[in-house]
Structure formats: structure tokens, C-alpha cells
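Below you will find one chain, with nothing else, as C-alpha cells; this is the form predicted on its own, and questions on how it binds or moves follow later.
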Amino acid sequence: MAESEHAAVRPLANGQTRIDFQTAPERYRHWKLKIDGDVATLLMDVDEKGALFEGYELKLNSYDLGVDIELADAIERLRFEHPQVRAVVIRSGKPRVFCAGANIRMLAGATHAHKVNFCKFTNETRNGIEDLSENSGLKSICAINGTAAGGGYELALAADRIMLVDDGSSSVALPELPLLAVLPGTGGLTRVSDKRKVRRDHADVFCTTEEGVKGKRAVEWRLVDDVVPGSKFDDAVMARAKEFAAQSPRNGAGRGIKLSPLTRTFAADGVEYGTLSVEFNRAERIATITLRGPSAPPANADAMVALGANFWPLQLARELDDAILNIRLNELDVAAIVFKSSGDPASVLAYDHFLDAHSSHWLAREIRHLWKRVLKRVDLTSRSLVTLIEPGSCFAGTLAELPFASDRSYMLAPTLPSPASGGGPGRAGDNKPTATIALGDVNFGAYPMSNGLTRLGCRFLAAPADLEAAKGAREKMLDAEAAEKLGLITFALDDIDWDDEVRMFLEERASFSPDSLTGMEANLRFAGPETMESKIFARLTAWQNWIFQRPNAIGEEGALKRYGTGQKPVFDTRRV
């Protein structure tokens, strides 16, 4: 699939291109964000000629990754730039159609990796809309003025309330199975059953009916909440939005902050940000992300707001998010992401304490919720994750979540310095402080995973006493021996074994099947209970990943390739 001249596709010095997840309202081609007091409107008005790649047009408000990048950006700006907004209406800017879903020509022509990563990002964006309601008090209404099919209805399902115009033709549908031989890719099946609690037999009819369901039946089957005559539709939507706004606990007094563009320098072998750097060793298929710790935290909430997007925890969260997305979509051959850090762990804890002390402030709360979402993005990234805790590291509090999110963590044990070498407490000849890891209150509830557990709670699922022991070690600078005893790391290694053990792990990871590793890691990262979110990313995504490779969907005679040609697909009828 060739690239188009789209704002989300950026040229590189080597002649290649990369998908860029940074945008801003003045660059939107598909969405319009309007603010009217405490109610915002997200108007979907997709530019047909604004596709991310060549070879298709975004007709009928269908979307590709570029459309969703703008939506994700708009939601973040509602959080940080418009704290006065207490309800949001999502609606179409086109007559008689809400959204036709993911663009079928795009899906038919995209690589398998792009399809999977596209679905993952759209899932994360829909989850972000639900998080906006649950944790930021900003409830959403989806106002459907025509057809909402496939991903269009899945977008509606993320809202708190779905309102459908009653005009005899407007409908909701999940037609992927009968039309395309695939499944809804953005949580549609799970939200219909788990969130909307649609009866199984009704859901079966709904998901196998191309034309969908409309009017009174859509309400009776719990597929929408309201059907309203066209003459009363706009007034009813606004009345509901005002009702939601009046009930919202959001107390974002004062002006928001500007989410200024990230400062990034791209080179052939890495990316440099303000608070972290990414280094690519493409021969070894490794990406190393080194996070840089902060200086002293601000004195008060006013100073935090004044710093805005340059406030260290906010800046680092945004930059880490961008780095992870860049690796996901643009560095497909990377086998492992290595997390490192440098700085003072006490300063990291000081920022956590600052956010705790100002937990009633809207900006402090939004920063915490952003970190929660970014860490979930790390959890859900299909790469082997490893953290190296070395002398001078600052994996403390919030940053300690990265070793807990990793598939393995290695920590350098202190060694006695040789008088002749002038060595320090880590490697021979190294005068950096001893490698430590430190826990804070945030590690025990602030950052739940998709399964609803904390990362330490997931780690110690079979040993509640070990979790209590870890709680008892909060605010302590734990060396490798103490960290290993508490179960906080995988291995504590001395200087003699360090290089060989880390090298062998990374070489081994690069030698294994990427498909098998993705399946293994996704299974092992999420122990314990299932939630609607974990089902969407695990059960549904696993099936969709498989179905997207089946000839019934993407073969030359498959449904995706023959859709719109007038030819019926030819299926291999064997159930496997």
C-alpha cells in the first residue's frame, strides 16, 4: 500500500516514511472540535481525499488510522485544554450517515501488521472515551443521524448514551461477519454483550443481519438508548448533554493548559525527546528507551499549571506514549524494547508526592490518568519488554511500574570497589550511585492494568503476603538483594555475569518466532480476572488476528477482496 501526502505520514531522511501520531486541531482534516460552555461537540466530517494511504477514498465517513489519530488527539485536548467541559456529543457532519466504519478498501489492501495495529489503536481510543467518563467525569452522547455500521456503531458503543434519529431509515449494524468474513475489530461484540447486555439470541440476529436494526426494535434490544423523531432530535440531544453536564463531578475551574507539540529529533538510529531518548540497534532488533528523571518539583499547583505541557510527569508521559506508538507502527522488526533510566529516584518520588498532595486539582488527576493509559499501552505492546536497573537509574514510584510491566527485569548488584580501579558500588570503575528501586503508594492502586489489578497485585496473585511485604517497603531505596528478596525483579546479577546474561536474553528473544512470543506474552501479562477491556484486547483481538489471515477474508476469492465487485466470495467451508 503506497503512502499519500497525508499529515500523519512523515518523510524520513532515508527516503522512507513513518506514521506520525502528533497532530493538532488546526491540522484536523476529519474532525471538528467545538466548545459551547460546558458541552463539547466532536463533529465527524471525514475528508474523502484525506486517506492515510493511496488506493481508497474515505467515503460515508469511513475511517482509517489517520482519522482515529485525530479523534484520540481531540479527546486528550478535552482532558487538558478544556477542563470546563463536562459533557461531549459525538455526531456526524454529513447528512443521513453517521459512520460507515473502518474503510473496507483500506482493510483489503493493508498489511496484516497494519490491520492489527490499527485495530489495537482504535480499541485504545474507544477505551479512552470510556475512561473519560469514568475517571474524568466527562460523559459522552453519540447522536446517530443515519447509518452507524461496523466501526461506526463501535464508536457509538463507547459512549455513555446512544441516541438514534427515528426517520424510518437510520440504523445501527455490525455487518462484518456476513459482509466481510471478519469480526468487529473494535470491541463491538464484547460491548454488545458485556456493556449493553444485549440478549444472546438478539445479538446473534443483530450480528448476522447486514442491514442492522432501527427504530423501536433497536431500543427494545438495548442496542441504543433512545429513538427520537428528526424534528426533535437536536433539542433532545442537547437537553441530554446539559443533563449530563449538570451531574458531572468534573471541577476543572480556570483555564486549561496547551498541549504544545512534542519536540523530537529523528535520526537514522534513534529519536531524541526532551525527557527520554530512543536508540535503535536494528542489527540486534532492539529498541532502548532511556527515561530521564526530573529536577525538583514545583512549589504549588499554580506553578504546575504554569509549566503546563513542560511539567515533567506530563511531558514524560506524552513522550513515552509517542515513542511506544512509533515503535509499534514504524519499527515492526524490533523484537525487544529495553527500558533504562537515569536520574535521582528520590526526585521521582517527590513528584509522586506532589501529585498526591494536589490530588483534588484537575490537572494533577488528569496527569495520573494519562500515566495509567500510557502504562496500559506499554502492557499491550507486542514486543518483548525488559527493564535494566543499573547504577544511576531512577525506577521509583511511577517509573517503577515499567519493571513491573516488563516480561523480565534485571538489576545490577553492588560490587565492592577495587582500590586500584577507583570503582564504585556498581560496575568496576563506575562511580554512579548503587542501583536501587523504590516503591510508593502509586504502585498499589493508581495504575490498574486492563484486568483491573495493579501490576504488583498481578505479580503476587498467589501470594498476598508478598504484596503486603512490598507495601511495607514503600519509600525505601532497595538494592538488588532486597529487591530480589521482595520479588520485585527477575534476577539480581553481579558485574561479572551482567553483560552475558542480558546479551543472551536479547539474542534468544530475537531468535524466537514473533508470533509465538506475542501469544505467550499476552497470555502471561494478564493473570487474574477478566474485564470487558481485557476481553477486547485478549479474546477478541486474538480471534480477529487469526481471522484476518484466513483466505475466507483476505484470499483472492475472500470477502474483503471481493466486496463491492459484484462477485460473491468463495469460502473454505471447513470449520477448524
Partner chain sequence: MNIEAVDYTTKIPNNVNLAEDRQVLRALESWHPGYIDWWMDMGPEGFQQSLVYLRTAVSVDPKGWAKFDYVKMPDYRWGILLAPQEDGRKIPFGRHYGEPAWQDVPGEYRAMLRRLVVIQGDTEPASVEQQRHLGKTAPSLYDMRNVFQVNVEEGRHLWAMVYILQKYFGRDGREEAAELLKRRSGDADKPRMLGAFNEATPDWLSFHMFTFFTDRDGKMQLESLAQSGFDPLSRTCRFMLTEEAHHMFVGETGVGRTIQRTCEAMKAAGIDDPNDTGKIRDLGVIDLPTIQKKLNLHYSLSLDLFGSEMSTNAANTFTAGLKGRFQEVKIEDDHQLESSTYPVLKLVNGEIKRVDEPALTAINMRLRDDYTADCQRGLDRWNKIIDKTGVQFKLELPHVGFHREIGEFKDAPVSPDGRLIDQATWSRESGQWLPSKDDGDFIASLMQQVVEPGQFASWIAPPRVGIDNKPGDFEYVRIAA
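Since we're looking at a predicted model, the values are computed, not measured. Positions refer to the first chain, counted from 1.
Although it is not shown, the form predicted together with its partner chain is what the next lines describe.
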Report yes if all three of His82, Gly452 and Lys535 come within 4.5 Å of its partner chain in the predicted complex by some heavy atom, otherwise no.
no
Which residue, Gly445, Pro249, Gly230, Pro261, is the contact with its partner chain in the predicted complex, using a 4.5 Å heavy atom cutoff?
Gly230
Here the chain is shown alone; which of Lys471, Arg217, Lys476, Arg408 has a heavy atom within 4.5 Å of its partner chain in the predicted complex?
Arg217
Give a yes/no on whether Pro464 approaches its partner chain to within 4.5 Å in the predicted complex, heavy atoms considered.
no
Please run the contact check for Glu211 against its partner chain in the predicted complex: heavy atoms, 4.5 angstroms, yes or no?
yes
Could you confirm whether Asp167 comes within 4.5 Å of its partner chain in the predicted complex, counting heavy atoms only?
yes
With the partner left out here, check for me: in the predicted complex, does some heavy atom of Arg377 sit within 4.5 Å of its partner chain?
no
Taking 4.5 angstroms as the heavy atom distance cut-off, pick the stretch from 353 to 361, 222 to 230, 124 to 132, 453 to 461 that is near its partner chain in the predicted complex.
222 to 230
Using a 4.5 Å cut-off on heavy atoms, which residues of 29 to 57 contact its partner chain in the predicted complex?
Glu48
